[in-house]
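Only one chain is shown below, in structure tokens, and it's the form predicted alone.
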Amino acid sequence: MSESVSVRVNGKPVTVRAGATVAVAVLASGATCRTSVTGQPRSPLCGMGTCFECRVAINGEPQRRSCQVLCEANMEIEANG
């Protein structure tokens, strides 16, 4: 059995496999990463950090690219979706 990591996305507990990115946790929670200036939900697009569509706040630090950060135990993730 693989190890897992528990994080919170918008206050909701989410468990993902160890080594998963924050983007995986956000998607598993059912949230979207952010909302565009026109109100459209945005989520990971490129998966390699160039599109910036997956930005979230991680442990209070805004504008982090969720596809580039690995989940750590008890991480607090705030997404706008």
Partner chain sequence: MDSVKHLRFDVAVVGAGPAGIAAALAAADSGKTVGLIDDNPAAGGQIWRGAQNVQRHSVSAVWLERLNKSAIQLVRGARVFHAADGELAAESDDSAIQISYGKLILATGARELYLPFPGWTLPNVMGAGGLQALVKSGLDIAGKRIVVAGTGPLLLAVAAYARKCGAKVVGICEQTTRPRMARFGMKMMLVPGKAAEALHFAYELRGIPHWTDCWPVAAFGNRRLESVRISRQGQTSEIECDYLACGFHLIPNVELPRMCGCQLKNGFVDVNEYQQTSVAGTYCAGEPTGIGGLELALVEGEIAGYAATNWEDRAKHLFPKRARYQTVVRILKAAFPLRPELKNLARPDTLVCRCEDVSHERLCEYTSWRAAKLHTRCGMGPCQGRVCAPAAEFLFGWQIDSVRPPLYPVRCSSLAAIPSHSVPRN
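If you're wondering where the values come from, they're calculated on a predicted model, not measured in any experiment. Residue numbers count along the first chain shown, from 1.
Beyond what is shown, the protein has a form predicted in complex with the partner chain; the following relates to that form.
- Heavy atoms of no residue among 6, 59 and 73 are located within 4.5 Å of the partner chain in the model of the complex.
- Remark: residue 68 counts among the residues lining the partner chain in the model of the complex, judged by a heavy atom distance of 4.5 Å or less.
- Using a 4.5 angstroms threshold between heavy atoms, residue 11 stays clear of the partner chain in the model of the complex.
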